[in-house]
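The data below hold one chain only, encoded as structure tokens and taken in the form predicted alone.
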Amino acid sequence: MPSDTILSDTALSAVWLTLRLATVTTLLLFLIGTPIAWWLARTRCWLKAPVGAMVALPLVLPPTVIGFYLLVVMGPQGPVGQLTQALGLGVLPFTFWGLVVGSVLYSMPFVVQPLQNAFDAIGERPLEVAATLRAGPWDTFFSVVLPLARPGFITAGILGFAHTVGEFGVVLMIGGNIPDQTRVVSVQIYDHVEAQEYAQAHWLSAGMLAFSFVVLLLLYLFNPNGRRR
């Protein structure tokens, strides 16, 4: 097989970096997004609409806008950048952890919204029954809410992971194109096309296409509502 039809070491490095980024981002999104989704599903506070709108902003904002403001905020003169420098951490742009921050913000609605829908679908009855059995809030959440919301967690995990894998604009703005550090698959495909290395671009693009199909298939298999529809 000709060498130009297989993945290069650079492309494989981009694949592993992308998988690492997506895994870390998804775990952080579960930690951050679960309490946000629970609060949005339960609260009657007037802040629910503004907070929900903030969470959903990445659905309508161009990725370059998010990336630009992250550069400003996390740059040397930005408030976050000054804080990280004062802590001896340097600045986050053009590092792996800068990619993580951008990915968490950009993929937030793809985790929070499925979780919020799952929490909404539980209703009040199971919580009232748990209260009559003298279950505390934490016990109720882990023993009742989490098992009932499992399909929502599966959907959120798949969507959050897949959306992070497919990012381009945000990661390019906040991470640049540094091999083995910030060059993910989407940026690697762009590089191959720019260099007219179409065979390499084809292999990576075909892999992304297959991955996207598997993601959608898993959503239909694990989402009971999707199967009924």
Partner chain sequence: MHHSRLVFIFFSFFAGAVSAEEVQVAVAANFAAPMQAIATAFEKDTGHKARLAFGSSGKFYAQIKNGAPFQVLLSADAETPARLEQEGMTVAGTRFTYAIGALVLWSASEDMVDGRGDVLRKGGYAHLAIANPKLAPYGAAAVEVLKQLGLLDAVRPKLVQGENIAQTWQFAASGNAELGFVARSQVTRGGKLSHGSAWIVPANLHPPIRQDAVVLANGRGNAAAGALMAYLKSEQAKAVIRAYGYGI
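Computed from a predicted structure; not experimentally measured. Residue numbers count along the first chain shown, from 1.
Here the subject shifts to the form predicted in complex with the partner chain, a form of this protein not shown in this document.
Go through M173, L204, L28, I36 and name the one with a heavy atom inside 4.5 Å of the partner chain in the model of the complex.
-> For this set of options, the contacting one is M173.
Identify, from the list A56, A199, L61, A195, the residue with a heavy atom within 4.5 Å of the partner chain in the model of the complex.
-> Partner contact (heavy atom, 4.5 Å) among the options: A195.
With heavy atoms only and a cut-off of 4.5 Å, decide whether Q77 touches the partner chain in the model of the complex.
-> Residue-level check for Q77: yes, a contact with the partner chain.
Quick one: does L71 come within 4.5 Å of the partner chain in the model of the complex, counting heavy atoms only?
-> L71: contacts the partner chain in the model of the complex.
If you check in the model of the complex, is L47 within 4.5 Å of the partner chain, heavy atoms only?
-> Judged by the heavy-atom cut-off of 4.5 Å, L47 is well away from the partner chain in the model of the complex.
Please check if H163 has a heavy atom lying within 4.5 Å of any heavy atom of the partner chain in the model of the complex.
-> Outside the cut-off, so no.
Work out which of the listed stretches, 115 to 123, 152 to 160, 86 to 94, 135 to 143, brings a heavy atom within 4.5 angstroms of the partner chain in the model of the complex.
-> Among the listed stretches, the partner-contacting one is 86 to 94.
From first to last in sequence, which residues of 166 to 192 have any non-hydrogen atom within 4.5 angstroms of the partner chain in the model of the complex?
-> Read in sequence order, the residues that approach the partner chain (within 4.5 Å, in the model of the complex) are L172, M173, G176, N177, I178, R183, V187, Y190, D191, H192.
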